[in-house]
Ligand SMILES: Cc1ncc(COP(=O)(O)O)c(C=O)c1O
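Here we start with a single chain on its own, the form predicted on its own, put down as structure tokens.
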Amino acid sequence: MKPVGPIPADFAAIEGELAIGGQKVSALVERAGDTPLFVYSRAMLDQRMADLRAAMPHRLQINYAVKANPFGPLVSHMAGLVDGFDIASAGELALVQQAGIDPERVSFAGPGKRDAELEAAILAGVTLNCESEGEARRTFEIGERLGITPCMAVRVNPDFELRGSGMKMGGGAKPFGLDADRVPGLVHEIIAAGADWRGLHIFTGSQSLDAEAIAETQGNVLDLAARIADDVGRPLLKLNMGGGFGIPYFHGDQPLDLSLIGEALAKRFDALTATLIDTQFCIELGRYLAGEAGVYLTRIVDRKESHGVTYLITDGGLHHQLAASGNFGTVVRRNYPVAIATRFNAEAVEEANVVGCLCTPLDRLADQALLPHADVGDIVAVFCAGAYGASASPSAFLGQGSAQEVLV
């Protein structure tokens, strides 16, 4: 038997069924018309933001990283909760524009921005987080051609990383950002070109559950930003300190200690250098805000045994939940939080493998999991599906198509 990950505590049952937003999963599926289905909870998004606001220093702003979940209704809901938005493509730019989000609240990062994307960003008035000297110079040229002053920040590749992060995005050779020692020179070039210099973006890593490591890294980010601002010779308008806050996916994972991070950051804010004393600080979070608020629902279409092993075969799979299948950066596959949603309160009595409908052995949603007895027609719930699910999975694989999404 292999344990499943921890189901977020916010979920409860109604008449024995998993409930999301006060509604039974069977009712949600009936309203949607079919499975597979992603369901996102407004109440859980609201609560996560409230908890974050309570724990973090008052002056710290919170941005939503759209790449985590670009579902239009969810993005629109987040507009009323967060201070800003971080995007990484022209497609995401169009999405925030459609949501009516003020471009002053938007920053655009990414190491491979095409000229058309730079032009769209300049026309929209969002802040471009420049990742190289070459990208900055293309931005100058496009701005001059358009007759528009571009808003520009510099993304820094720091000489340190976030310890224990799932994906390291700083320290050493990286495609992201400009090596720290070259940043002051580029900032001077941006200012000399007449662009609107907005500040720095320093992102070190993601998916960390180590609060002490996050606090240490945030301190290192502040120290680096202060050194760069001193070298530039002017106060720093804004500092995007990145994210890194993780959520528990696997057995044994413990939730992040927000209070430790908030207290450590408050102490640092109380002792800022002159070049940072009036700086606007923000962090960018995606997975941490939306991940636990989402559930993937998929129906069992067949139950079978092979050499004494039970398989529950669903109408969903890795084409919607690549991460849960273990094929999105996981070295050793472990089970996500999984449950039989239509028997949510039932006793776990059998070991079963939950697999998807694709013709590949990679299509696994749970291995050797101890679950209630389930049969054809029952609904399986995969939790922590609110980030990097629908948009980060190969929905076109084998012609299966996308899952439906709802915000409740």
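All residue numbers are counted from 1 along the displayed sequence. These numbers come from a predicted model, not from an experiment.
Missing here is the form predicted together with the named molecule; even so, the following discussion is about that form.
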Since only the chain is shown here, I'm wondering whether E292 would be in contact with the named molecule in the model of the complex (any heavy atom pair within 4.5 Å). no
Margin query: Given that the named molecule is not shown alongside this chain, does G286 nevertheless sit within 4.5 Å of it in the model of the complex, heavy atom to heavy atom?
Written below: yes
Query raised in the report: At the 4.5 Å heavy atom threshold, is F281 in contact with the named molecule in the model of the complex?
Result: no
message: Quick check on K67: any heavy atom within 4.5 Å of the named molecule in the model of the complex?
response: yes
Checking H201, R198, H319, K113 against the named molecule in the model of the complex, the residue with a non-hydrogen atom inside 4.5 angstroms turns out to be H201
The named molecule in the model of the complex has a heavy atom of only one listed residue within 4.5 Å, and of Q218, T298, S325, S206 that residue is S206
Counting only non-hydrogen atoms, the one stretch of 190-198, 270-278, 206-214, 254-262 within 4.5 angstroms of the named molecule in the model of the complex is 206-214
Does the named molecule, in the model of the complex, lie within 4.5 angstroms of each residue among E17, Y311 and H373, using heavy atoms as the measure?
no
Restricting to 83-99, the residues within 4.5 Å of the named molecule in the model of the complex through any heavy atom are D86
